[in-house]
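Have a look below at one chain only, the form predicted on its own, in C-alpha cells format.
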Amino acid sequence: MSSLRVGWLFLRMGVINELQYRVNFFVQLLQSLIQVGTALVMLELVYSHTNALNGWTQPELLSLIGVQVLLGGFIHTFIQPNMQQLMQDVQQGTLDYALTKPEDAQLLISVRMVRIWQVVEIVSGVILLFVGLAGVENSIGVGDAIAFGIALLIGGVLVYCFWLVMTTGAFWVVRMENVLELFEGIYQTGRWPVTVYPGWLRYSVTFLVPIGFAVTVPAEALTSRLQWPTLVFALGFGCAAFAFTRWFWHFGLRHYSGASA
C-alpha cells in the first residue's frame, strides 16, 4: 500500500506541475480537432465507395476509431511522458533519484510525469465511441460492456509493456527516441481492424506491436464480434507480457551506470 501512496503522490505532483502550462490545453484541443477531423474525412471517403469494410459498417468502424483515439490519449497522458523521462534519466545518469527511493522503482518511473492536457484526446475518443455506437444496429449487452472493459484494460497494459521494454533498451542503446517515434506511426494502423491487413502485418501489429489487442479486440467486444476464447487468450498474453516486462526491467537495471556509479 505504501508504494501506491507514493505513486499517487507522484501522480498528483505531475498534474500540478502540468497545470502551470494552461496554454497547452488549447494546443492539444486544436490537435485533437485536427486528428478527429482527419479520421472522419478518411472514414467518409472509404464508405463513399462501399457499405462495409471487411464486414465492418461505418458506425462500427467509427467506434473502433474512437477506441484508438481514446487509448492514444491514455498513452500520451500517462505512458509516453514517463518513458521519455526514463530515457533522459538513463542518458544523463540521473535515474539514481528514482532507484534510491525506498519504493518500487518501476512504479515510480511509470507515474512521475502526467501530460494532463492530453486528456482532451481521451474525451475526443469517448465522444467518437459513443457517436459510433449510437449508429450500431446490435444492442450492447452487459457481457459486451464487461468484455470491452477487460479488453481495454488488457490493451493498455500491453501498450505499457511494449513502451517499457523498448525504453529499457536505453540501458544498452543510448538513443532510443527514433524507435519510440516509430511506434506513433505504427499506432495509426489501429484506425482499421487488424483483419483487413495481410497475414504477416496482422500478426506483427498483434504480437510484436500489440495494436490488435489494444484497439481491435475492445472494438470487437462492443460490436458483438468478440469470442470469449479470444478474450481469455488476450488476458493470458497480457499477464505473460507484464511478467516478461518486469523481468526485463530488472535485467536492464543491472546494466545501468548512474551518476553515483
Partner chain sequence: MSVDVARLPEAGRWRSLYDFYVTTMRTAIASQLQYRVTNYFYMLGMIAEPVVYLVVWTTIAKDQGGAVNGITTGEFAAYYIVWTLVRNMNIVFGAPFWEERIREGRLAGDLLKPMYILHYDLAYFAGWKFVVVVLWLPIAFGLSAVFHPTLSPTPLEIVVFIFAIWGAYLVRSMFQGTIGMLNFWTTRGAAVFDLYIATEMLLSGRLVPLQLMPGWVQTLANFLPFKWTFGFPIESLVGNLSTRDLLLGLCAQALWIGIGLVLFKVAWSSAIKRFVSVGN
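What you are looking at is a predicted structure, and each value in this text was computed from that prediction instead of being measured. Residue numbers count along the first chain shown, from 1.
Note that the form predicted together with the partner chain isn't included here; everything after this is about it.
- Just one of Met176, Ala147, Cys161, Val114 comes within 4.5 Å of the partner chain in the model of the complex, counting any heavy atom, and that one is Met176.
- Interface residue among Leu153, Ile127, Leu182, Val165 relative to the partner chain in the model of the complex, by the heavy atom within 4.5 Å criterion: Leu182.
- Contact with the partner chain, judged by heavy atoms within 4.5 Å in the model of the complex, is confined among 214-222, 229-237, 63-71, 188-196 to 188-196.
- Using a 4.5 Å cutoff between non-hydrogen atoms, Ile34 counts as a contact of the partner chain in the model of the complex.
- Taking non-hydrogen atoms only, Leu45 approaches the partner chain to within 4.5 angstroms in the model of the complex.
- Of the heavy atoms in Phe242, none are within 4.5 Å of the partner chain in the model of the complex.
- In the model of the complex, the partner chain sits beyond 4.5 Å of every heavy atom of Phe248.
- With contact defined as any non-hydrogen atom lying within 4.5 angstroms of the partner chain in the model of the complex, the contacting residues in 11-46 are Tyr21, Val23, Asn24, Val27, Leu30, Gln31, Ile34, Thr38, Val41, Met42, Leu45, Val46, given in sequence order.
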